[in-house]
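Okay, so here's just one chain, in structure tokens, the form predicted on its own.
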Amino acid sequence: MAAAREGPHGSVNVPATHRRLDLLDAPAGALEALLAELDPRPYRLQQVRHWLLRRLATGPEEMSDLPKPLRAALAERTVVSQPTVVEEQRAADGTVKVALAYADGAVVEAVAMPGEGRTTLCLSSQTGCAVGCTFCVTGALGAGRNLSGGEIFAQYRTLVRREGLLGSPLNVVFMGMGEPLLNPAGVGAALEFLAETVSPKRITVSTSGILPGLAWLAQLPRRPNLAVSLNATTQAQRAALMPTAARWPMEALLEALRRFPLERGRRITVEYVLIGGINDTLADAARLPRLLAGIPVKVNLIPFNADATYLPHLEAPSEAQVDAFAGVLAAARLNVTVRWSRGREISGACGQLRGRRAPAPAAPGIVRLHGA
């Protein structure tokens, strides 16, 4: 049975019972079909997309340039799913971390880091991580599920609305929980949403080196920046730190980076987490420039962010060792930056995001150096 209400073209039929369409995660063509039924004028779709992706509306009732009957019909037929903020932590440097719970109970964390004239938002792509890097809390907690494009974009929406950042200059980095290139469908959809307001040159996707994912990223018509987590200078060392290296060896990864298409003036960011006594030696520093020869790169050195609960066996390097390592790279004419992570006091720094609060069993075939 349907109830009739007066619409812009007469009555709009709205079924009394229905499953409401999620405006951010609707199947392809579903929103177009619904609007064609309720109000077939073609510009209505652009109006709705403007409110969802640019104004970050939480529902049709906020879409003030739509006719009231159409807003009412959309409100009855659709929903804009939003996760619930279950925890918020703020650091002295202004960094804020939020834990967000989705409808199925999965929890992820996202971070906003204010900078000089521009805030960086760090988003999660999965509810856990199966990659199992031995220096990462998310990996210690185990695998989760992929997030949809709408669920990823909801993190952006939440941070922007809570922090009053609508219209402000932003960077967006996919460096939160999960491996983005193991979730190309969700990340690809989120990139399309973000492209409405954030230039691809201001978006960075970070990967542990998933070669099929790199091939997918390379064929996108509008590519974000690429960051690759290397963290070692030999295959054996990398395989011990990052189990994915056994499947996608470092030599193959470096060759894929040499082939990766880059627009003029853009570089690949190589991320290197410095772990005290493991990969921070001057011999490692001397090998790194030779490995990266022929690849347009900038190197981000990231001193390991310790976690006594989940990663008690690992230590941060000394400041002197970080400086010495960076000095070797600079002498080899590599573009190098030391990235002292923000938000460490609230476990919001690189490798510290949790989501779940208890470790998951190690997956078969994955050796965790800390014995989890």
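If you're wondering where the values come from, they're calculated on a predicted model, not measured in any experiment. All residue numbers refer to positions in the sequence shown, first residue = 1.
A second form of this protein, the form predicted together with a small molecule, is not displayed here; the remarks below concern that form.
Proximity to the small molecule in the predicted bound form, defined as a heavy atom within 4.5 Å, singles out one entry of 172, 299, 226, 302, which is 302. A single residue from the set 108, 136, 74, 190 has any heavy atom within 4.5 angstroms of the small molecule in the predicted bound form; that residue is 136. The closest heavy atom approach of residue 311 to the small molecule in the predicted bound form falls within 4.5 Å. Taking the partner from the other structure, the small molecule in the predicted bound form has a heavy atom within 4.5 Å of a heavy atom of residue 206. The small molecule in the predicted bound form is approached by residue 179, whose closest heavy atom lies within 4.5 angstroms of it. None of the heavy atoms of residue 147 is located within 4.5 Å of the small molecule in the predicted bound form. Comment: 179-187 is the region of 148-156, 179-187, 212-220, 287-295 lying near the small molecule in the predicted bound form, near meaning a non-hydrogen atom within 4.5 Å.
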